[in-house]
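To begin, one chain is listed below as structure tokens, in the form predicted on its own.
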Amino acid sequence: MEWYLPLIWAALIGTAVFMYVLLDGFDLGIGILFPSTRSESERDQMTRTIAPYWDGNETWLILGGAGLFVAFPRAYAVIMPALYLPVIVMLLALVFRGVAFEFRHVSYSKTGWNFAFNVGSTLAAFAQGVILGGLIQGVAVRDGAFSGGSFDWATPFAFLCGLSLVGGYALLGATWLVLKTEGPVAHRARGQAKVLLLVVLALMAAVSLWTPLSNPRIAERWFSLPNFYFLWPVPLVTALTAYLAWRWLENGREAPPFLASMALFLLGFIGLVISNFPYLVPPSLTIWDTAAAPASQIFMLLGTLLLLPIVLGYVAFIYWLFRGKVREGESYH
């Protein structure tokens, strides 16, 4: 009966990755949007909207990576050498982003730290998209080990996925600013969100078309019968969600555009699961092929299930405690 343990761990890791993308996505989006203003007071207002949350948001990335190492060690052993370079770029960019975020508030000159915050946020987002694209297009595996080259991930499709994630995070950041700020920052963010929504839709459409056209396995999953009858609502709901987001932005709504942006990410995530399940390392290794011994999975699962409610409670408390608008001129501390 141990067949269900990999399913539980896959669900936990998938949840952790999705939570990271949503929660760290909007604060990476703030960094991506940093060059949209030359006013330091407006930049201060933008960073204050994420100051209580940004470091806690990265907890989900640690949970996802550690969960992959513990529950699916064979997948970890294949994915890391296959995507070593973009993973290192992502981690270094996150370090630069974090250091810049803290130091710009105490530095006499903020120019260099603003640049580092913007570049770190953009590079981290792009690298995460490249990692995703590298996995979707497939990893060369022979005898359970990575058998490809160091730059197999460097393809036009992976770079398109990188650009898509940069655009998606920027959309999350813009709609977050609409929700959390007032004045010129919120007004500008509303206009940016409308432009970014169109860009993200175009990039999502490009990735969604490119994936089945270049991968017969995924094309069969989506377009064979009777699968097509069950799966066609996913792109339809995506289009409806984007339409509602546009209407809410036009009508001056604040929270609904941010919720709609998160829903677009959820729908994209569902599409990825549909395309690749049960493969953890496409196109050859499934979650069962790469799972650790059942005793190891159970042991780590007990600790994870104990700590997960604590993490969720902390996240909920922090977001509730710092609810409300961030106004220009308020103190960072």
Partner chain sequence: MDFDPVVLARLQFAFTIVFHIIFPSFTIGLSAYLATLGAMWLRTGNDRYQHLMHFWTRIFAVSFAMGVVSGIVLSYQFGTNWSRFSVVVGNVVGPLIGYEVLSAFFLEATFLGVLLFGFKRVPPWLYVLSAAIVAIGTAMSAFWILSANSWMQTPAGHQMSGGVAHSADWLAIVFNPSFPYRFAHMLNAAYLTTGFVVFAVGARYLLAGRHMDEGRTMLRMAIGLTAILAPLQLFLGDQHGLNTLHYQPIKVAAMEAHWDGSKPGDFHIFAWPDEVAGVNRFELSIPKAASLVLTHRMNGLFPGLSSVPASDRPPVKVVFFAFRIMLAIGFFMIAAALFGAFLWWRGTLFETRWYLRIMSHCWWIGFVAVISGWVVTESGRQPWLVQGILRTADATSPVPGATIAGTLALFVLAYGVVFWFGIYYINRLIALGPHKVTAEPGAFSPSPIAAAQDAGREAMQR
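Positions refer to the first chain, counted from 1. Source: prediction; values computed, not measured.
One more form of this protein, predicted in complex with the partner chain, exists but is not displayed; see below.
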Quiz item: How about Ser296: is it within 4.5 Å of the partner chain in the model of the complex, going by heavy atoms?
Solution: yes
Quiz item: Taking heavy atoms and a 4.5 Å cut-off, does Phe69 contact the partner chain in the model of the complex?
Solution: yes
Quiz item: Taking heavy atoms only, is Thr155 within 4.5 angstroms of the partner chain in the model of the complex?
Solution: no
Quiz item: Is Ser150 close to the partner chain in the model of the complex, meaning a heavy atom pair under 4.5 Å apart or at it?
Solution: yes
Self-check item: Contact test, all of Trp60, Phe146 and Val311, partner the partner chain in the model of the complex, heavy atom 4.5 Å
Solution: yes
Exercise. Let me know the one among Gly183, Pro212, Gly191, Gly98 whose heavy atoms come within 4.5 Å of the partner chain in the model of the complex, would you?
Key: Gly98
Exercise. May I ask you to choose, among Phe34, Tyr279, Trp54, Phe265, the residue with a heavy atom within 4.5 Å of the partner chain in the model of the complex?
Key: Trp54
Quiz item: Where does the partner chain sit in the model of the complex: which of 224-232, 118-126, 105-113, 242-250, heavy atoms within 4.5 Å?
Solution: 105-113
Practice problem: Between 296-311 and the partner chain in the model of the complex, list the residues on our side with a heavy atom within 4.5 Å. | Solution: Ser296, Phe299, Met300, Leu302, Gly303, Thr304, Leu307, Leu308, Val311
